[in-house]
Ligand SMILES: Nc1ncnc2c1ncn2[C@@H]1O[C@H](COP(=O)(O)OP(=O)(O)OP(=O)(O)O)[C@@H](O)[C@H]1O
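Starting off, we have a lone chain in the form predicted on its own, written out as structure tokens.
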């Protein structure tokens, strides 16, 4: 499926449904929603209790009759009805009324590279349920490249790494199109899981899920390099007794634990480079890799890529919102019509 910039300019709002966060861009208003893709519902009545940040804080803290769900997994909508209900609450009454007044409401949505037809259909049905008469799909890689200001329209190679919560996408772009790309089922959640398993097996400590990301930053110090602190005190629950307990965790052990998911990302980058034409690879030696996505902020990840690839690695100014800002720029017409080819999705 392909969509032109002219079709995108007719859209009234755009949605980036991610496994970690949902972002909505409304034409003329900018980014109006940036919340976790989480909803809490009462299983007895079916009522929606909370969405976004409030629902995320409820994770692991609710009674039996309240269930915290994530309607998006790996960039794909897995529960259409719940995704629609979540989006309605996140948009709010005022924004929904404003959108309903638009004649023939059109929407745009980002989908992962090489998303299968069922995943695309789920995204379309989610937005149709919000009142959209037509939904245009844009490849996340293209939107991210536009959002971070890469010169994708030139006949020169640009490499982008979209580091999501559930998946990582890497691609080489030239002349406004994707030359070669790879989607890896490894993301920030895999890194979190590796740290949780380390603490459970080595220290018999269970870590609250909401403490994993702050733990990464605390352990990393200056990054995932040997120059950070040697150990950090971590608080959690003892596996055997169930009591609160603290342990000293060695930073080197954490670096070793997360090597497996990060190595998978390096393998994906290597595959893309092997499939890329030699002339474009020569361009990348100078331009390097641009990292976007929330997991791009993992301390030391960029340094690890520099050492493994020998290429310059840059992190976008606001890597977490590059995708939605890119598709927003297309909606607002800030991209020249000839700058990009057909935007595949």
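What you see is a predicted model, and the numbers here were worked out from it, not measured in a lab. Positions refer to the first chain, counted from 1.
The following text describes the form predicted together with the ligand, which does not appear among the structures shown.
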Every residue in 163, 189 and 295 with a non-hydrogen atom within 4.5 Å of the ligand in the predicted bound form? yes
Which pick from 24, 11, 20, 335 sits with a heavy atom within 4.5 Å of the ligand in the predicted bound form? 20
With a 4.5 Å heavy atom cut-off, would you call residue 299 a contact of the ligand in the predicted bound form? yes
Verify the contact flag for residue 167: yes if a non-hydrogen atom of it lies within 4.5 Å of a non-hydrogen atom of the ligand in the predicted bound form, no if not. yes
Contact segment among 59 to 67, 309 to 317, 286 to 294, 273 to 281, judged by heavy atoms lying within 4.5 Å of the ligand in the predicted bound form: 286 to 294
Taking the ligand in the predicted bound form, which residues along 72 to 97 bring a heavy atom to within 4.5 Å of it? 75
